[in-house]
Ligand SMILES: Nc1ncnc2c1ncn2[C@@H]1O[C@H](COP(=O)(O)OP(=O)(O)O)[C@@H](O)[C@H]1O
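Below, in structure tokens: the form predicted on its own, a single chain.
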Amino acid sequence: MSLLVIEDIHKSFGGNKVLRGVSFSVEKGEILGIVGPNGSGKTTLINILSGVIKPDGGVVVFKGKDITGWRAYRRAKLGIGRTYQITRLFTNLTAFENVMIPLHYGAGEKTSVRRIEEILETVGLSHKIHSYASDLSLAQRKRLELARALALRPELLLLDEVFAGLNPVAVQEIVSLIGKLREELGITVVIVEHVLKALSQLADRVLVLAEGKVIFSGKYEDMVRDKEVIKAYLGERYGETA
């Protein structure tokens, strides 16, 4: 049984049809990359999967349960964590306190200094445990956002453009971290991204959205040579050199 199954998801905002019958599944332990041009519905899809917004039609099934109408907090407790393209941290709190809040109020665990230290160590922020989020670099804030998601012990992690704004060195460090989370913690990952080099190293499979529809699902190396993907997203120049 697939960990996550999406069937015929539709979503409109006013007269704008953002998602038009999106269907796919994600296997346990898989890293699925989702790409596509701006406005193709990627973030809307992540928001539907995490429970931030509801679809107009279709079904979301996680671990065999229909969670289509569930709110975000219920999905988090079931094992779905997420990050945002623009980090949503408590900038006036320390890294320790930022992890403590979802650990205590989200996961319902008693505050454990050791557990928080372990989470921050996992994401490479043990040396910043008492630093305020406002004083962290962009790459460090991205790591702290991951740490907050990990506090909920997710089985499925939804990442929305986690590489956005990072330099090549920081991108490679986050690539390694995501791989580590899969290998050591067994976390399944769905990642929306525009940094294709990172996806080429991470993703077991890539899904391409265009105009709210899935136009490709398969291996990265096949995606960059697909004529429909080149036309809708990558551009003809990319196709000539792929």
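Heads up: residue numbers just count along the shown sequence, starting at 1. Everything numeric in this text was worked out from a predicted model, so none of it was measured.
This protein has a second form, the form predicted in complex with the named molecule, left out of what is shown; the following refers to that one.
Asker: Okay, which stretch from 64-72, 199-207, 213-221, 43-51 lines the named molecule in the model of the complex, with non-hydrogen atoms inside 4.5 Å?
Answerer: Partner-contacting stretch among the options: 43-51.
Asker: Looking at G29, G179, P37, G57 here, can you tell me which has any non-hydrogen atom within 4.5 angstroms of the named molecule in the model of the complex?
Answerer: None of the other options qualify; the answer is P37.
Asker: Please tell me whether any heavy atom belonging to V18 falls inside 4.5 Å of a heavy atom of the named molecule, as the geometry stands in the model of the complex.
Answerer: Answer yes; at least one heavy atom of V18 falls within 4.5 Å of the named molecule in the model of the complex.
Asker: Let me know which residues along 183-197 have a heavy atom within 4.5 Å of the named molecule in the model of the complex, or say none if there are none.
Answerer: Nothing in the stretch sits within 4.5 Å of the partner.
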